[in-house]
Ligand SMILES: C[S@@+](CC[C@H](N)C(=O)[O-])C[C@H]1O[C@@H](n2cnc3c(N)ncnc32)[C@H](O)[C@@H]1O
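In structure tokens, one chain follows: the form predicted on its own.
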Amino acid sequence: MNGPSRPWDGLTGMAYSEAIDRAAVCGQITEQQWQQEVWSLLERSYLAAPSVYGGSGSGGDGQAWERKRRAIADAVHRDGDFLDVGCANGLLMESIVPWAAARGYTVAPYGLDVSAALIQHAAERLPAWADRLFVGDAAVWHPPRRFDFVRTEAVYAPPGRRRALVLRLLHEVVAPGGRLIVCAYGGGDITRELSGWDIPYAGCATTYRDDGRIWNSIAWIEAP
């Protein structure tokens, strides 16, 4: 698509996400086009980011990174392995280990990303974990085994397939008795989305910006 038929050109962040989602919902683009647009943008922006935090999709410094994401570890309630879906450069894999340890738990981190270039970058950053990194689309990926904790975002799928993505990960990627951890960044309330999809969650956590807006909304779902 070119010219005026691409209303998201020049937009960034939530404005871009909302514009591309509207185009998919209205039928202006196919789900495949939605995926190509989103995946290409994320790969380019993450690889070009000047900091390790930007390379994992977060603005600011290490303090901002921890404020925004450390609450993900609230979902870890025992030892186990932890798969980060959409792992980018692997920084959350790296961070979750000490965050879980501070809660008294040991986790073994793994990562999945649709971008082979991002997985290669993660492997270069974290060579000791290179064999724990996978390339694949979470909507169709067949894991070599299932994982105790799986973190994801619903926005990794087009608008009409987000509920299906959550359920697929819950029933096919999370190990029985494990937890699917679903995050929503940028002001969304993931608990409202899950409730609207009739998906019960076992717990939740929220981090806030200095102005009181939601920074990261997190909910975890128990796998049967």
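The numbering used is simple: start at 1 and walk along the sequence shown. Keep in mind that what you see is a predicted model, and the values were worked out from it rather than measured.
The same protein has a further form, the form predicted in complex with this ligand, not shown here; the description that follows concerns it.
Taken together, 73, 100 and 201 are entirely out of contact with this ligand in the predicted complex: none brings a heavy atom within 4.5 Å. Listed stretches are 142 to 150, 73 to 81, 111 to 119, 124 to 132; the contact stretch with this ligand in the predicted complex is 111 to 119, by a heavy atom cutoff of 4.5 Å. In the predicted complex, residue 69 approaches this ligand with a heavy atom inside 4.5 Å. In the predicted complex, at least one heavy atom of residue 42 sits within 4.5 Å of this ligand. In the predicted complex, this ligand sits within 4.5 Å of a heavy atom belonging to residue 92.
This ligand is not drawn, but in the predicted complex it has no heavy atom within 4.5 Å of residue 96.
Counting a residue when any of its non-hydrogen atoms is within 4.5 Å of this ligand in the predicted complex, there are no hits in 191 to 224.
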